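Only one chain is given next, in structure tokens, and it is the form predicted on its own.
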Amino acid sequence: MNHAAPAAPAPRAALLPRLSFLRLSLLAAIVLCCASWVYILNVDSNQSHSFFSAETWRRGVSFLKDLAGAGSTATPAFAQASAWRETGRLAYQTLAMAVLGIGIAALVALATFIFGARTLMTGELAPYGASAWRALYIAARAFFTLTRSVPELVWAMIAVFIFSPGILPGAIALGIHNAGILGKLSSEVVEGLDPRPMRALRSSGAGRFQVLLYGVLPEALPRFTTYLLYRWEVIIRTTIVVGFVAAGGLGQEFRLAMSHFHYTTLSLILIWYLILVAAVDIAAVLLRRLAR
């Protein structure tokens, strides 16, 4: 009776799972997360009140009660019509700051993102004798890196020294920072475009401006609009940060309320921020539908 030969044992390397990039990334994320918690708990144990102590939770509950105005004989700010009117005026300034900031960012990014596209400045679609265009490409990329690497708060502190306190320094700070982000994202969109339509335009005798007008902008502008609206949603959340350095709006009032321990005023400002964020999100959705 014939018996089949036993199968050869699988190589040891085949029994081990393949260490792909995703698995390696997951493993690194788990190790870093565990190491972070070990560090946090080690530092937390040296504090006067650790995170998991009853004292910490008692303080947290007490702060929430202060925000709600519990235990105070004064009328909470969110129950006063005059406080709503005053903070409503500041909310309008905050919205104006966000609109002006995203407008500045859009204008700067529209004027510069083409120069940050490698395919148009230094690649196969670059014009003959592209040394000057290569310099423009390096300058545009350096501008994007500088403007987006410096936080909005730092730009706002610089702008306040130049301009008088108000919404203008905040809008300029938001515009400069987001111009770098929009410019980089839009340049990468151009680099990812299919070059065949642009090659066809060049081979048919179209000039550089015509290639940009008919081959690049129609494909890049829809993505640019999407990024623009997304950054507007982010900006409305960042206005509270730039307001901390006397840049106006609800952010400045938030800092003053915290300094004077006006907790119910903090609650009212947070309510206004929720209203602004929801309104901007809804407006961005409607604008995206109109842009399609």
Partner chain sequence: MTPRFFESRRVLTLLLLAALAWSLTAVSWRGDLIHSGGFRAIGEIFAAIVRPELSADTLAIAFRASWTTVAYAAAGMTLALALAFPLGVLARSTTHQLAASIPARAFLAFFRSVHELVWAWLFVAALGLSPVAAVLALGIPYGGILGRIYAELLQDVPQAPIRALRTAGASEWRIFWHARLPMALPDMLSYTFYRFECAIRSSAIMSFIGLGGLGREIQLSLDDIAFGRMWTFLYFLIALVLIVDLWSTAVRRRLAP
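The shown structure was predicted, so the numbers you read here are calculated from the model rather than taken from an experiment. Numbering follows the first chain given and starts at 1.
This protein has a second form, the form predicted together with the partner chain, left out of what is shown; the following refers to that one.
Quiz item: Just one of 149, 82, 73, 131 has a heavy atom within 4.5 angstroms of the partner chain in the predicted bound form, so which one?
Solution: Contact residue from the list: 149.
Quiz item: Within a 4.5 Å heavy atom cut-off, is residue 272 in contact with the partner chain in the predicted bound form?
Solution: So residue 272 does not count as contacting the partner chain.
Exercise. Check whether residue 68 has any heavy atom within 4.5 Å of a heavy atom of the partner chain in the predicted bound form, and answer yes or no.
Key: Flag for residue 68 set to no.
Quiz item: Can you check whether residue 189 is within 4.5 Å of the partner chain in the predicted bound form, heavy atom basis?
Solution: Residue-level check for residue 189: no, no contact with the partner chain.
Quiz item: Is residue 244 close to the partner chain in the predicted bound form, meaning a heavy atom pair under 4.5 Å apart or at it?
Solution: Within the cut-off, so yes.
Quiz item: Quick one: which of 131 to 139, 89 to 97, 74 to 82, 111 to 119 gets within 4.5 Å of the partner chain in the predicted bound form, going by heavy atoms?
Solution: Looking at the partner contacts, the answer comes out as 89 to 97.
Exercise. Within 4.5 Å of the partner chain in the predicted bound form, which residues of 238 to 258 have a heavy atom? Give them in sequence order, or say none.
Key: The stretch 238 to 258, when checked against the partner chain in the predicted bound form, contributes 238, 240, 241, 244, 245, 254, 255, 258 at the 4.5 Å heavy-atom cut-off.
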